[in-house]
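Quick heads-up: it's one chain on its own, the form predicted alone, in structure tokens.
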């Protein structure tokens, strides 16, 4: 894949773990990571229908004299060529404009809040807003680097959920790792979901690449989360109707955060995933 991932580098032990997840993700799917080392605690992301000001906590500016060297060392450890992003435009002298012309963006589970809140299942409001407006999937990493050995797609009945399946298939084809689907049967039966796959011309790809499709009853949400492998990349859709209604706006997302520590690859409503 000739794809790129933007990573906002934090020169701390916690930031190292997040960056290792980005590097592993890129190595696994054949993408290339591009690192932005912030020089101020704010920047702007311009989307087609919104501009999001990201306010970083002070840890992102930690030890600027060693940040680039530490990032380069991690690049080299993963066998990847170091690539860095330098903003060209500024809305204000300390407010750089960061391009959104990337294929993926890596975020910790919270950008501007303390990392200690992660274990409480906290998603930062700016991360929610980025996912809502981004045209690319957002990788939200676990707190500690762990290689993932499979892909788990949460599939409901919405178009955005189907986008998550397309993305999962895309990652599967690029990585040659096993793919499983997890569906919570809320108002429909198994055959309704299989018919949805047929109507969207995904039946042959699902038959070829999906190892197993797991179905759970409406009250088995916790069981489903437990049975997702701990070393699997979870791919899911947000801000739509399906397995998790308005995923990042409701309590279920916070429940996922406090229950699983897997890496999450999330497609928002403006993602358009193509298998071409």
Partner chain sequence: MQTIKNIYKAIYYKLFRLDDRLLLIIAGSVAGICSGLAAVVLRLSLEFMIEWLHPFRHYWWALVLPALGALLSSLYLEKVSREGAGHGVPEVIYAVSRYGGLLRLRSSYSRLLSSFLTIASGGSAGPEAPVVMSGSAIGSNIAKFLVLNDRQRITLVGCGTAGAIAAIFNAPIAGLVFSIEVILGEWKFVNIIPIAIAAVAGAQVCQAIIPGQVIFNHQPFNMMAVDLLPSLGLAVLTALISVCFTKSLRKIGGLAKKSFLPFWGQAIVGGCIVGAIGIYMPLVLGEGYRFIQTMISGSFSMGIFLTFVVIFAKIFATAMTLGWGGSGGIFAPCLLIGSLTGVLFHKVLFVLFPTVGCASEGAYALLGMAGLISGVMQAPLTGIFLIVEITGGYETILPLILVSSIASTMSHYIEPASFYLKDLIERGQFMRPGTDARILSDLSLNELIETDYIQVSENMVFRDFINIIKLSKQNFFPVIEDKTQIYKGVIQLSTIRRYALEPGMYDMVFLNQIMDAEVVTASLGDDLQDVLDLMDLNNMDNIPVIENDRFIGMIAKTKVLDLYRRELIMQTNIQ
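On a predicted model such as this, the values are computed, not experimentally measured, just so you know. Numbering follows the first chain given and starts at 1.
Here the subject shifts to the form predicted in complex with its partner chain, a form of this protein not shown in this document.
- Exactly one of the stretches 64-72, 209-217, 224-232, 38-46 approaches its partner chain in the predicted complex with heavy atoms within 4.5 Å, and it is 38-46.
- In the predicted complex, no heavy atom of residue 128 sits within 4.5 Å of its partner chain.
- Its partner chain is not shown here, but in the predicted complex it comes within 4.5 Å of a heavy atom of residue 81.
- Residue contact check for residue 203: none of its heavy atoms lie within 4.5 Å of its partner chain in the predicted complex.
- Contact annotation: residue 186 falls outside 4.5 Å of its partner chain in the predicted complex, judged by heavy atom distances.
- Scanning 83-100 for heavy atoms within 4.5 Å of its partner chain in the predicted complex gives 83, 88, 89, 90, 91, 92, 94, 95, 97 in sequence order.
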